[in-house]
Ligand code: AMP
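So this first bit is one chain, no partners, the form predicted alone, shown in structure tokens.
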Amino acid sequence: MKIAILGNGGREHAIATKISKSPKLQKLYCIPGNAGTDLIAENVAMDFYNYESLLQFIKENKIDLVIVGPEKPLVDGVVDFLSKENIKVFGPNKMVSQLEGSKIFTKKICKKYKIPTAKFGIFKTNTEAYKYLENADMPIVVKADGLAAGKGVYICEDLESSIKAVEEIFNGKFGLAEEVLIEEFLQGDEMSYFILSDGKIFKRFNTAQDHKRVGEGDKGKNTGGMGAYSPSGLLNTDLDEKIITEIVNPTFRAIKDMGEYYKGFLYVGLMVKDNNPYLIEYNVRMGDPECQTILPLLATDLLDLILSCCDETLEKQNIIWEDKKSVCVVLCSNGYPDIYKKNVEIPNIEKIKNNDSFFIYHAGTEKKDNKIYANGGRVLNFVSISDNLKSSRDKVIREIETLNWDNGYYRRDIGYKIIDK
């Protein structure tokens, strides 16, 4: 089969790596890809938001399947466009992608279908929002409605900072804002819970715990993700049943009631308190860096699973996992998540080799003149799998120290709540 993956991050490199192992694969394209995918696929320097050019490339190269990695093209409707052209594509359509594309859309579903989530209010004006905040308990969470590259969420400790958050959202910091979402701050432990669906049924697709804060001990600014481990230490039989019964099943019921269906990965972002799950958010694709820490544990052919979702035959698939623990640590450019230098060479990276239990997934990298350069905030994902989380983390840190890249930094405490307690 000839397959194209849309995207250029660590998630897409992890998917490409797993797909490249499939005996069904004939040719793999990554659009546009990065320096890592260049080692296992043909990178195509193309703006895939230009749908007509994308379609032309797919037809000229006789692509059999398109896998969509990031959220924005899903929310914008690339699946709908390609499907109308009879192109086989993996990912949810534009309508159900609102689960991620609009936080308010998801909250309304929660209210209608009694899905446990933080108490919330939706406000159309600054005045309405300010009035609500004046009587609200702090801390409180203020959210922009649409996609905001993971940066449209404010955790506010006082009235002044919450009013500033509302102002920034309505002033267009994350694009045109007609409404703002304000919700209670939930205390507990976060968990990433993944589902795979073919439009008829769904199956569980492992769990993870990611670390969003830039600093050790989960301090400082939010980022796209500083690292993750899998599986989550929070999951147990009782909690798993509650997640399915109280959150996932009602969500799929809501989708069915809309006359829609869901094909693809569904990321269920949870807060767990006293062994009870509360929905924080949905993502309509694999998380990043959760994808990088989950996929190395998958023993089943990923391409078989994806094809079964496209063909509505997931029920016939048995998803098998390695009985191992996985840790991913993200190596970032100095200055991230604020200002950082681009086009910085990463020397000696070719000396660090992947094997069956260790992987480097590229994110913000580019290959030029046979050299690899950092061109993003999150640059490399170091992943190790072993029998325990501490061994995995120790291996990752040794490899990062071996690379010894002066222009980057990372967190040494990924998984600390389980490993270091």
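Just so it is clear, the structure is predicted and the values come from calculations on it, not from any experiment. A residue's number is simply how far along the shown sequence it sits, counting from 1.
Below: the form predicted in complex with the named molecule, not depicted.
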Which of 257-265, 234-242, 274-282, 161-169 lines the interface with the named molecule in the predicted bound form (heavy atom within 4.5 Å): 274-282
Taking heavy atoms and a 4.5 Å cut-off, does Met138 contact the named molecule in the predicted bound form? no
Contact with the named molecule in the predicted bound form for Thr300, defined as at least one heavy atom pair within 4.5 Å: yes or no? no
Answer with yes or no whether Asp304 is in contact with the named molecule in the predicted bound form, where contact means some heavy atom within 4.5 Å. no
Closest heavy atom of Lys212 to the named molecule in the predicted bound form, within 4.5 Å or not? yes
Would you confirm whether the three residues Lys143, Ile155 and Asn222 all fall within 4.5 Å of the named molecule in the predicted bound form, going by non-hydrogen atoms? yes
Would you mind picking the one in Ala118, Ile319, Met95, Ile201 that has a heavy atom within 4.5 Å of the named molecule in the predicted bound form? Ala118
Which pick from Glu179, Glu184, Glu128, Asp218 sits with a heavy atom within 4.5 Å of the named molecule in the predicted bound form? Glu184
Let me know which residues along 330-360 have a heavy atom within 4.5 Å of the named molecule in the predicted bound form, or say none if there are none. none
